[in-house]
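Coming up is one lone chain in structure tokens, specifically the form predicted alone.
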Amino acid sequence: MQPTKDYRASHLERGASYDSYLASVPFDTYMADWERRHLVAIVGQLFPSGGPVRYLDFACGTGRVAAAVAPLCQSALGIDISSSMLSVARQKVPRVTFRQADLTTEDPDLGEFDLVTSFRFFGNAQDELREGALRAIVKRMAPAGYLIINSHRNPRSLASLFDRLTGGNAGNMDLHLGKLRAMLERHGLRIRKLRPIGAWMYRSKLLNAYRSDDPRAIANEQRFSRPWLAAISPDLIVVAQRS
């Protein structure tokens, strides 16, 4: 089921509690740890001769993703509409410039970026906001620039399918890989790389059973991070390039 509320309003006052909330949910912590590992490796692969010159973190929140990616870049900018989130981000990642703006309704002159990230946004947002965000992002991407996002609310993950089979609703999730691919392609973006996270977790209780540094988890992430498993993964890193 498509989200009905405007996601813009959901995190405006959550800056002080957001990081502790993520830390309190085992699978959120698991995803964040593996996303960070993969991001560092992927950015190095995309820019083998040196990090991107200009980097934008869209809907940057408290700077969790910027903290991992910015050290690999020459300059970094984080954009969010929440002043409370940005207050935490400025303390966490002081070398990054953070700016409060809604790029779906405002048009500041930010220049072009070689790399854009946006995490924990597209899976939560409603369709209209997703489309508006992609328009704003693509407008600011350099030719052949890269967008890296995550999709952490896949209704077709194994855990979600098992949840529905046992009477759940899988959290009213709607952004499966096919829908995401079509949305990106409408905005002139082509998927270049898929990196599943947690594809081996076929039951809901497994999502909260493992730390990212657990030996079994490490072995399974290495074994099940193949792109062909992306469609059934509960979290997914997607690398798309402007065509």
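Because the structure is predicted, anything quoted here is derived from the model rather than measured. Residues carry their position along the shown sequence, with the first being 1.
This protein has a second form, the form predicted in complex with a small molecule, left out of what is shown; the following refers to that one.
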query: Contact residue in the model of the complex, chosen from 72, 88, 138, 81 - any heavy atom within 4.5 Å of the small molecule; finding: 81
query: Contact label in the model of the complex: residue 127 to the small molecule, heavy atom within 4.5 Å; finding: no
query: Interface membership of residue 102, the small molecule in the model of the complex, 4.5 Å heavy atom rule; finding: yes
query: Any non-hydrogen atom of residue 98 within 4.5 angstroms of the small molecule in the model of the complex; finding: no
query: Any non-hydrogen atom of residue 31 within 4.5 angstroms of the small molecule in the model of the complex; finding: no
query: 4.5 Å heavy atom contact with the small molecule in the model of the complex for all of 115, 186 and 189; finding: no
query: Listed range touching the small molecule, judged in the model of the complex by heavy atoms within 4.5 Å, from 189-197, 174-182, 204-212, 53-61; finding: 53-61
